[in-house]
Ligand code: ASP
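Here's a solo chain for you in structure tokens, the form predicted on its own.
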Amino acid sequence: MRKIIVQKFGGTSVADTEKIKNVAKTVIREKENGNDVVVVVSAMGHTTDYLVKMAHDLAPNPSGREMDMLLSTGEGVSIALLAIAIQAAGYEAVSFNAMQVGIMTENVHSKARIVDIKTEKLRKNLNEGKIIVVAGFQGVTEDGEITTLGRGGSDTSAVALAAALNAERCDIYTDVEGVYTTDPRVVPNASRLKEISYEEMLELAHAGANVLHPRSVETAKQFNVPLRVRSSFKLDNLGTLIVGVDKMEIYKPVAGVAADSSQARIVVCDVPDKPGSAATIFSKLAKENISVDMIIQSYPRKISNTNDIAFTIDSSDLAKTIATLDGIKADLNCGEIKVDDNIAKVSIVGAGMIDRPGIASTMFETLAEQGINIRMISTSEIKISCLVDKDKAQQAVKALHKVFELECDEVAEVKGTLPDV
């Protein structure tokens, strides 16, 4: 039986016709290796940004439904052009949007999750020897509404298709040669990792590493999809393989350092210290599809019997978060709501941190030596995150990358800009 390889190419890889021709060559190369190929592509270049700008020129707060209708058109252009390029090279190819394939999602606009993928049409065309080109970043509900998957949605589309088709692996082609110990634009001698675990990659993605979106890694881990991050420009470089932690040899406690500057901190002051107060806040935010990251609740004040609840969100959700909290402020009988968007989350990640003492103290001492104040701290088994002033984020990354000995002798080459949608 022929193996199925799923390939994903971001917007910079298909930014113009010459680059589309190069992608076609990469796809054909995999086909000539004797594999069936399914390709997932994003919208060309900065198409999505351009469409968003046009929408906001017309209305300050366009509806989610119409934004999904608008943004889903970008991938339609990419898939058709790539299919044409593959056909021009003498190979059979066919392009499909999400509705034609049957990439089914929940009924949520702009951040929908995939719930099922119909594979009948895909398998029929693969059996006929065709290369299939699928629009990433989009889906369709049971009642035929177009949805989009949010930031990094094309990565998620590719991994979900690989899982549904029981593919041999999913190759994510991007502007860098794999996953690095930190952003090579911040630390030029960052090391490329030959392997990293799903767990480490997931934590790095949540911490701000822009190579892969967390949802794509979650899907890969859930369905055990072998995932490889590769360069669109150096095809002989195998990049970074993402595998289960049980298959890895762990040599260093810390695998990588990441910074996320797209964070905002919210403090809800003087929240009554009684059962249900926190549940009211976070259930309302969840209903608005607002994801919350770091959470800290202060020790209750004896006189007023209140406390403060601080948490972080993605800054793109800031306006919606404030509106939601204003709507429940009276019900909670809480005080002032404070906002700080001049912050960044800096994290160290590594499966080798488990049962290895001294990692946290080294991180905190290093930041202190750099004169960087820590505003909030959160931890997991394999991650420690600190909230710092935004203008200190790169300084923190460089210092932590050095103290945990993650540098290499070579300077990483980065083409284009990250991330792709």
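Numbers for residues come from their place in the sequence shown, where the first is 1. Everything numeric in this text was worked out from a predicted model, so none of it was measured.
Absent from the display: the form predicted together with aspartic acid. The rest refers to it.
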| item | value |
| --- | --- |
| Aspartic acid: the contacting residue among H206, R215, R265, R151 in the model of the complex [heavy atom, 4.5 Å] | R151 |
| 4.5 angstroms heavy atom contact with aspartic acid in the model of the complex for A43 | yes |
| Contact test in the model of the complex: S385 vs aspartic acid, heavy atoms, 4.5 Å | no |
| Per-stretch contact check against aspartic acid in the model of the complex, the hit in 348-356, 35-43, 364-372, 22-30 (non-hydrogen atom, 4.5 angstroms) | 35-43 |
| Those residues of 43-81 which, in the model of the complex, come within 4.5 Å of aspartic acid by heavy atom | A43, T48, E75 |
